[in-house]
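Take a look at this single chain in structure tokens; it is the form predicted alone.
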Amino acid sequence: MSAEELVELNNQKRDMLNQVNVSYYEDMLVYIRLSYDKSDEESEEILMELLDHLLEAQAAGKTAEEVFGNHPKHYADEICGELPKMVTKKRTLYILMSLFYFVGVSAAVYGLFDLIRYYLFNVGDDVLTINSGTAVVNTMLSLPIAFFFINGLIRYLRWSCFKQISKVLESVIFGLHGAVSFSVFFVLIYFMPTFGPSIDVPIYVTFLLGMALCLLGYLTLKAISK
């Protein structure tokens, strides 16, 4: 059975868990799936085994804590340690999707700001001068910033497993993390000196480029979901 088929079967079987057990199990599921250097198929196989074992125990009147212990993170770490490391196609697509979205949103916001500034407040010019050297350096700098953003989200999601964190606090944390990442990106662009051959393009090109990258991110997400 493929990893995708196992995920679908897992989704169906989880509906059979009671509220307490499903909360415990889903934390373990997220924690293991976010071990992104592990084999997709073997991760899903072990998650299915854990789910089947928990369903049998639940039928006997037992809770997930009685089955797997009251230290689920430690137990999940042991499981992850036994799974083989692998850079899978899905992991690669996740990285590409995140890069498309990060750079796309940044470009779209930057372009929209220029459009609003010019057409509503008559500030600036209707053309944007792009220097090839500056554009290359900005693109290269966006990669580690995007990695920081993605890696930070994954680490937070894994850390938050097995913890009771309010939705409000979680939203604040996500918002601050995103704000810091995008702010660093915009500051670097703003203070980057211009160098290299230049070309003039309409100011809407940055916005359209950002939207095109977001579309690529969406299409990559669709490819992951197949």
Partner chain sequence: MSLRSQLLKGILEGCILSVISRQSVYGYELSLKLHDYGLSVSEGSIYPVLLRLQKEKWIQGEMKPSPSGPNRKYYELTEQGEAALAEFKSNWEGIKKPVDALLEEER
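These numbers come from a predicted model, not from an experiment. Numbering follows the first chain given and starts at 1.
Quick note: we don't show the form predicted in complex with its partner chain, though the next part is all about it.
Original post:
Taking 4.5 angstroms as the cut-off for heavy atoms, does Phe148 touch its partner chain in the predicted complex?
Top reply: Contact with its partner chain, no.
Original post:
Might Asp126 be said to contact its partner chain in the predicted complex, defining contact as any heavy atom within 4.5 Å?
Top reply: No - in the predicted complex, heavy atoms of Asp126 and its partner chain never come within 4.5 Å of each other.
Original post:
According to a 4.5 angstroms non-hydrogen atom cut-off, is Val7 in contact with its partner chain in the predicted complex?
Top reply: No.
Subject >> Close approach of Leu219 to its partner chain in the predicted complex, 4.5 Å, heavy atom >> reply: Heavy-atom contact with its partner chain at 4.5 Å: absent for Leu219.
Original post:
Exactly one of Val180, Leu188, Val67, Leu157 has a non-hydrogen atom within 4.5 Å of its partner chain in the predicted complex; which residue is it?
Top reply: That would be Val67.
Subject >> Of Glu170, Glu26, Glu56, Asp200, the one that lies within 4.5 Å of its partner chain in the predicted complex (heavy atoms) >> reply: None of the others qualify; the residue that does is Glu56.
**OP:** Determine which one of 91 to 99, 116 to 124, 67 to 75, 134 to 142 lies within 4.5 Å of its partner chain in the predicted complex, judging by heavy atom distances; exactly one does.
**Re:** Among the listed stretches, the partner-contacting one is 67 to 75.
Subject >> Residues within stretch 47 to 83 having a non-hydrogen atom within 4.5 Å of its partner chain in the predicted complex >> reply: Contacting residues: Glu49, Leu50, Asp52, His53, Glu56, Ala57, Ala60, Lys62, Val67, Phe68, Tyr75, Glu78, Ile79, Gly81, Glu82, Leu83.
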